[in-house]
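Here you get one chain, nothing else, as structure tokens; it is the form predicted alone.
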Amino acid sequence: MNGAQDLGGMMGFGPVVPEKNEPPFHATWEGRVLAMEVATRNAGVPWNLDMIRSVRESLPPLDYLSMSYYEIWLHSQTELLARHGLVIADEMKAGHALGGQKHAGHVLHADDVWAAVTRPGSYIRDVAEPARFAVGDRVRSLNINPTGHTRLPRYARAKVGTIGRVHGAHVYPDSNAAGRGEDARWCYNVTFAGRELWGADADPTLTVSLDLWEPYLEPA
């Protein structure tokens, strides 16, 4: 979708200033939000990572741009819990459960949370169809403007690049976010020249590499 999260190439937001020795979290509650999200997904809830990203992207631009990173995470967590009837507004206000227990799949106990947070995962899948493109192929990204989740950035649509690497088949986020199943597709690392993305005034030495799924691409 064309939401506030898709900032690539936009001006007016100031420079990106890396924080030296930046800690993983700037406050204790941020780590708790991360743990809650991962633990909840491991408790059998009826949503997935791509659905979570779609909820974050659905925030109104003013809200999205005024929230911190983990505030946006907390929004998606509470929104999905409420949407699926696992919490109610009074429980969120009270900070604890009211009435009977509710859970979507199985109970994840506190002692099991760290293992869930640190467990490696993979979105790599096997597919029968061969890859359409190979390293060195010239491809053009499609000009799409879906109302749902996509991993094709707005600034890189209808642009010509070169396949730099074939990653294998991965869960297709556009389908997974919409509840249509994993629908695994081939994924490629595609390199674009800066001037292809931003015109003749761009730095001639700049290149941008993006991981893009096969449905986003056509031969150039």
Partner chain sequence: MSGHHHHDDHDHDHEGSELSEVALRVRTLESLLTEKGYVDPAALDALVEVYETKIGPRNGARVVARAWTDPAYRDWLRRDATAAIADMGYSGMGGAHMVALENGPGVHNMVVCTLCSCYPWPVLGLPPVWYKSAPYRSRAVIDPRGVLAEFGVTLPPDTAIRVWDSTAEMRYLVIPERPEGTEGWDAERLAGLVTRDSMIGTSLALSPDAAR
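Numbering follows the first chain given and starts at 1. Being a predicted model, the structure only gives us computed values, none of them experimental. Rigid core here is just the name for the largest C-alpha set that superposes within 1.5 Å across the two forms.
We do not show the form predicted together with its partner chain, though everything after this point is about it.
Could you tell me if residue 11 has a non-hydrogen atom within 4.5 Å of its partner chain in the predicted complex?
Yes - in the predicted complex, heavy atoms of residue 11 and its partner chain come within 4.5 Å of each other.
Although its partner chain is absent from this view, report whether residue 30 comes within 4.5 Å of it in the predicted complex, heavy atoms only.
Yes, residue 30 is a contact residue.
Is residue 153 part of the interface with its partner chain in the predicted complex - any heavy atom within 4.5 Å?
Judged by the heavy-atom cut-off of 4.5 Å, residue 153 is in contact with its partner chain in the predicted complex.
Although the partner isn't part of this model, could you tell me whether residue 77 comes within 4.5 Å of its partner chain in the predicted complex, counting any heavy atom of the residue?
Looking in the predicted complex, residue contacts with its partner chain include residue 77, since a heavy atom lies within 4.5 Å.
Quick check on this chain: which one of 142, 117, 131, 127 has a heavy atom within 4.5 Å of its partner chain in the predicted complex?
Partner contact (heavy atom, 4.5 Å) among the options: 117.
So which bits of 18-42 sit within 4.5 Å of its partner chain in the predicted complex, heavy atoms only?
Counting only heavy atoms within 4.5 Å of its partner chain in the predicted complex, the contacting residues of 18-42 are 18, 19, 22, 24, 25, 26, 27, 28, 29, 30, 31, 32, 33, 34, 35, 36, 38, 39, 40.
Classify residue 28 as shifted (yes) or not shifted (no) between this form and the one not shown, where shifted means its C-alpha moves by 2 Å or more with the rigid core superposed.
It does, since the residue 28 C-alpha is displaced 2 Å or more between this form and the one not shown after the core fit.
Is the shift of residue 135 between this form and the one not shown large enough to count as movement, that is, does its C-alpha move by 2 Å or more after the core is superposed?
Stays below the 2 Å threshold, so no.
Comparing between this form and the one not shown on the rigid core: C-alpha of residue 118 shifted by 2 Å or more?
Yes; that C-alpha moves by at least 2 Å between this form and the one not shown.
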